[in-house]
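Only one chain is given next, in structure tokens, and it is the form predicted alone.
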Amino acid sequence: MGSKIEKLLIEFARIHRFMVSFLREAVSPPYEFKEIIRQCYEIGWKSFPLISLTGFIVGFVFTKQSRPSLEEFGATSWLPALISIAIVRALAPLVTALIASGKVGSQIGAELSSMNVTEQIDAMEVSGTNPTKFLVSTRIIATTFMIPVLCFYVAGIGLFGGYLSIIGKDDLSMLAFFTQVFESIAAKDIFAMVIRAVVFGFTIGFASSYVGYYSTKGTEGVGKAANSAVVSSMFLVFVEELLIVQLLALIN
């Protein structure tokens, strides 16, 4: 028991040191703008096909499943308002974060782990390149920036999927649908979505970079790092979702 507690405390100390190192390198020049842009392209643009399909399916299926409950009360006219609030406030950031945890998290974890195994990180330190600034800071900044961008896109695609689900049974124009959608969305809903997306994006980048950067040596460590990056990112996203929901409930 004592050794387990000691290992846990050492792990917390290493996480704290990793966080401090990231914050220091993120705000101090020189800034790696080219690498940040490249990571934004890798994280954002290359995720669009998967994000598009997932967002459309979520919006379509959620609308389809919500209709029977509203039909019992004769309130199907409220369907656009229901799906708009649900997608914008909760589903869009959560779905985006989970998809990014699987795709982006595993990519970052495996990439940094493979560089650690092949001693490329040690070579960068010897050559005078700061690996924390070039490898870690750029990826965390890119995920923190791109997850909110993808979140807005998922919200739009999800609402479009909901609209296609509605017009399968109702005669509703796109103008009337989106008019009701925007009338139902308040500023606090957009704020809640952005807060979630930023926190989730930072968490995915930080957890994946940490797992990959401190992975064990050997080829087996690469697979473990990729798996641990996905699992830890998803777990933290769910924990943060719970905390953010409670915090927003207190504010409102």
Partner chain sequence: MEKNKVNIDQNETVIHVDDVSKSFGDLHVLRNVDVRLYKGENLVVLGRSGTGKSVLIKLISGLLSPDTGNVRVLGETVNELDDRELRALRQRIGFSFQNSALYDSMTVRENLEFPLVRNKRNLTRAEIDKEVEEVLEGVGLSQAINQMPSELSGGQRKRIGIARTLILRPDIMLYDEPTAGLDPITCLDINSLINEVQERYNTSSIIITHDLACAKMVGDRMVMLLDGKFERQGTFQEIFDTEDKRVKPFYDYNFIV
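Quick caveat: nothing in here was measured; it's all calculated off a predicted structure. Numbering follows the first chain given and starts at 1.
Another form exists, predicted in complex with its partner chain; not displayed. Remarks below refer to it.
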#### Entry: Sole residue of 152, 160, 134, 178 within 4.5 Å of its partner chain in the model of the complex, by heavy atom
134
### Stretch in contact, per heavy atom within 4.5 angstroms of its partner chain in the model of the complex, of 218 to 226, 25 to 33, 61 to 69, 199 to 207
25 to 33
#### Entry: its partner chain contact in the model of the complex: residue 170, any heavy atom under 4.5 Å
no
#### Entry: 4.5 Å heavy atom contact, residue 81 to its partner chain in the model of the complex
no
#### Entry: Heavy atom of residue 174 within 4.5 Å of its partner chain in the model of the complex
no
### Query
Is residue 128 a contact residue for its partner chain in the model of the complex, using a 4.5 Å heavy atom cut-off?
yes
### Within 4.5 Å of its partner chain in the model of the complex: residues from 177 to 193 (heavy atom criterion)
none
